[in-house]
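Following this are structure 1 and structure 2, which are two forms of one protein chain, each written alone as structure tokens.
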Structure 1
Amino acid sequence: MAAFKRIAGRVVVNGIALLLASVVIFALVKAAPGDPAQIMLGTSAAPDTLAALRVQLGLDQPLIWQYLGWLQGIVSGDMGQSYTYDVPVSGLVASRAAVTLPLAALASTGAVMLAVPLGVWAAARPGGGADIAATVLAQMGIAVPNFWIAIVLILTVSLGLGYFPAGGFPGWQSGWVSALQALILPAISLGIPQAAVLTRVTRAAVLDLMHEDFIRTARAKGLSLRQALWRHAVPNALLPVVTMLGLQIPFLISGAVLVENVFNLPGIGTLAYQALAQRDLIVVQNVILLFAALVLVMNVLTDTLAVMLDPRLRGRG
């Protein structure tokens, strides 16, 4: 009961936070200078034409009605019509998510595949050559901007070696191979700083476990250090790694805008960026709200996980 109450409490708190966020987002978006109708019609549009378009877009309504209308739409699953494309925002977002989500998944998977072995390898002999190499690599990975990695990868791998497209996305319908190819370099750019952080987390977590009794026991049973680490330390060290990853994923997705920009990928980041430039405000506000919701949902999930794993709370009620 206590556990349930606590989770319910978290849901309520985060729900309120989301509502607050929607107010802030709406206010910010409306504060951006520039008239969407004027931007759509260009410099030679007549005043009556502009007025007609504003009515059509609902921009003549009082702000409070516009806000409530937006909220009501979201509750009933309708995010509204994009001003510029004149198609439902939900469809636009879904088609762009089909690029950004696999990109983020690829980047995270790659980061884990790189970081966990590297972190364990470094922790196996602290202060050794491998440790120093891994630490230096991790420090460099964190210090370099991901869009710069992207630029350098295009120059060297795509244009220099001719592997992988240097930008653009052929779409999933053109086959998963060519679609994946288009995502490899962006995923590497996005994943390197991620991998650097995870390497450090893994190394620290494994180091903390190294001297636990069960590792000593395993060693005493005749396992090599490496075997002992992989069979016993790593599974235990994965929890902090996964937690870190979970907290980072929303930011990985929303932070992909720079890398998407360099690689010209039609992802959610580019959608929001271009929509803002064209003052397709309805798209901007929905995308930002969606990202905020993602973070808050992740909050609830990690809290729930913590509650479930907490024996004091689990035991009672």
Structure 2
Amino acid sequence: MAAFKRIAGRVVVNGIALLLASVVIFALVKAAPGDPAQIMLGTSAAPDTLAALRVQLGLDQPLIWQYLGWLQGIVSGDMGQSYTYDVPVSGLVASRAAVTLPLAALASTGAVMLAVPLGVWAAARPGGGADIAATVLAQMGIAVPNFWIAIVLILTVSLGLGYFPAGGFPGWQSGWVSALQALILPAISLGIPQAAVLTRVTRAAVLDLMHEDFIRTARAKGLSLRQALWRHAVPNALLPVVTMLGLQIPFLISGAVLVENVFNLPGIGTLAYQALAQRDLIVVQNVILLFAALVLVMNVLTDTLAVMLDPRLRGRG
């Protein structure tokens, strides 16, 4: 019951935070220079035509009514009409999310599968060769920008070896095999920095547990170091790893702009970049709110997983 109250409280707090974030996003977008009607019609448009379009877009209404209308549309699933593409923003975002979300899922899954064994391997022999190698690789992964990794992968793996496409996305309708092939290199580019951070977190968490009594007891009962690590240390070290992963995923999705542009992927990052360049403010406004909502949702999910992984948290309100 206490755990349920804790999670429900987090949901309420994050809901209020999202509402406040929507106010800030709306104010910043409205404060940006430029007239959407002027951008759509061009500088040579007649004043009466501009005025009619502003009325059609609802730009003639007071800001408070524009904001409330935007919130009402989001609740009902209507994010408005894109100024540039002249299509509903909800459909536009959904089509781009069908690329970015699988990309983020592939990158995060690969990062966890690489980071956890590497971090445990490094922690098993602190100061040894494996530890030094894992630390150096993690430092390099953190220091090197993901877009540079993307360029190197295109030049070597794609153009040099011809294993994967150098860019573009064929669409899921062409088959999941060809679609996944187009996402492999971008996922590696996004996942390497994430894996580097998770490796360091895993190593530190496991090292902290190596001197605990339950690990020494497990070793005294005859378990090997490897068995004690994977049966006892790793499950208890998952909490900081899950917490860090929950913080990384939203920023991985919002930070996919550069990688998506390098690989010419029609994802949310590319959409945000194009909308900003074309002054399509209604798209920018909704995409930024989507990123903010994703951060808050991941916060709630991370807190829920923390309660599930750590029984000590279940008794706290």
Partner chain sequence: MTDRHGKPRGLRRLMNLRIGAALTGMWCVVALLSRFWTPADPTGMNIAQRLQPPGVGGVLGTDQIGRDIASVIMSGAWTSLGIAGLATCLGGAVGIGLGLYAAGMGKRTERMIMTVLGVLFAFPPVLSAILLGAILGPGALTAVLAIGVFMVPVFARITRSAAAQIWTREYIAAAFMAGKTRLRISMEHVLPNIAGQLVVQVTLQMGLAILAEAGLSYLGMGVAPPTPSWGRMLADSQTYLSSAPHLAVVPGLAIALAVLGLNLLGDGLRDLADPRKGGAG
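Throughout, residue numbering runs from 1 along the sequence of structure 1. Everything quoted here is computed from the prediction, not taken from an experiment. Think of the rigid core as the biggest set of C-alphas that the two forms share within 1.5 Å after superposition.
It is structure 2 that shows the chain in the form predicted on its own. In the core-superposed comparison between structure 1 and structure 2, the C-alpha atom of Ile132 has shifted by less than 2 angstroms. Once you line up the core between structure 1 and structure 2, the Cα of Tyr67 ends up 2 Å or more from where it was. Of the two rigid parts of this chain, the smaller turns against the larger by 14 degrees between structure 1 and structure 2, per C-alpha superposition. Taking the core as reference, the Cα of Ile16 moves 4.3 angstrom between structure 1 and structure 2. For Phe26, the Cα shift between structure 1 and structure 2 is 3.0 Å when the rigid core is held fixed in the overlay.
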